[in-house]
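Below you will find one chain, with nothing else, as structure tokens; this is the form predicted on its own, and questions on how it binds or moves follow later.
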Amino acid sequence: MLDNISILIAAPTITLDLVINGLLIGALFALTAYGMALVWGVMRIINVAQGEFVILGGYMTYALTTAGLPPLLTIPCAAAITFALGYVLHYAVITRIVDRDLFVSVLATFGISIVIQQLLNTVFGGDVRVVDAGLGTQFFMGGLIAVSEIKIAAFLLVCVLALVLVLFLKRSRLGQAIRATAQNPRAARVLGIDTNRVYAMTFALNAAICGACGSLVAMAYTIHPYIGLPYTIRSFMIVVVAGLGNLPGVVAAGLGLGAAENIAGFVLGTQFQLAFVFSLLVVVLVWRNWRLSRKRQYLK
């Protein structure tokens, strides 16, 4: 580990390469986390199946490209498929746990995640999959920094998706209904808003966001049926750090996590990269609890 740290100090270009690539993947983390924050803020549900929706989107891209569809065109298809699945799952499962105890939502969505994992394993097998986007690699600083073009494209597409999502929530009638329901569901019902439909569209929209991100993950990285949990943990950690409804905070936390995780993977070794993510979650939760306890003491 000390040798790797000394390499980073002696060769700043390696550090810069890790940070750039980490920021690019961090954008995917941020968008997925914003989807989780949307469900959490509107429905008061922690979606433990968040990562499974991401991986499901990746497998949709894998299946569609295998069938002959160009990889980039599979992104809206994966988003549409996961949107439909999210809509169905809401009326089959989620509608029964809205306004219930938070622990109930954790158990229910955890069950959904297990079902998705097993279905993916049964249909596609447990092997690691990757989708060739057909793009090359860009080199900078005399070839010392290498960034794959699909990562750059993924970053730009995430920025576009985030902008569309923000405009949708601010300008459209459904988006305004979602925001009103998030602020006060009872008042929204009094004003004539169909909160059940809002909940269904919110959960489906989150699934579509995850599906689009999963398509990009399949092209930029790798997927397998049981890799969803780390994406759920990352999303939860970003939301806890940034807070609900704080899009700039979510973006900053997602980018920071991507860069930190990439550097940790180099310093500690890739086999400990996920351990770093889980350890960081524990640190974040302890820090958040400490801040809340200080607030309670101040209020007293």
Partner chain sequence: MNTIKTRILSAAVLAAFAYAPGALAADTIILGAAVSLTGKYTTDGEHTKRGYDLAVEAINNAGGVKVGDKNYMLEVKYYDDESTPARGAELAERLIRQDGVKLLLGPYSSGMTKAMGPVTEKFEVPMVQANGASRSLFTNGWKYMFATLSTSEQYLASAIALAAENADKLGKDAKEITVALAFENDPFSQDVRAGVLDDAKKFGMKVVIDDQLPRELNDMAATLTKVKALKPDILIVSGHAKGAATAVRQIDEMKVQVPILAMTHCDSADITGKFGDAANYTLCATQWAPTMTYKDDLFGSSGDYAKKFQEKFGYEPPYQAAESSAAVMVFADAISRAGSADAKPVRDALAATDLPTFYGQIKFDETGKNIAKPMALYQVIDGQFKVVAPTNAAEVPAIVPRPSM
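Positions refer to the first chain, counted from 1. Keep in mind it's a predicted model, so treat the numbers as computed, not measured.
Another form, the form predicted in complex with its partner chain, is not on view; read the next lines as being about it.
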Task: its partner chain contact at Gly125 in the predicted bound form, heavy atom, 4.5 Å - done: yes
TODO: Answer for Ile25 alone: is it within 4.5 Å of its partner chain in the predicted bound form, judged on heavy atom distances?
DONE: yes
Open item on the list: Test of understanding: in the predicted bound form, would Phe110 fall inside 4.5 Å of its partner chain by heavy atoms?
Closed with: no
- [ ] Answer yes if any heavy atom of Leu274 is within 4.5 Å of a heavy atom of its partner chain in the predicted bound form; otherwise answer no.
- [x] yes
Task: Options 188-196, 98-106, 218-226, 164-172; stretch whose heavy atom lies within 4.5 Å of its partner chain in the predicted bound form - done: 218-226
Open item on the list: Within 4.5 Å of its partner chain in the predicted bound form - does that hold for a heavy atom of every one of Gly41, His90 and Asn246?
Closed with: no
TODO: Would you kindly say which of Ala79, Ile94, Ile150, Ala177 lies with a heavy atom within 4.5 Å of its partner chain in the predicted bound form?
DONE: Ile150
Task: Those residues of 259-277 which, in the predicted bound form, come within 4.5 Å of its partner chain by heavy atom - done: Asn262, Gly265, Phe266, Gly269, Thr270, Gln271, Gln273, Leu274
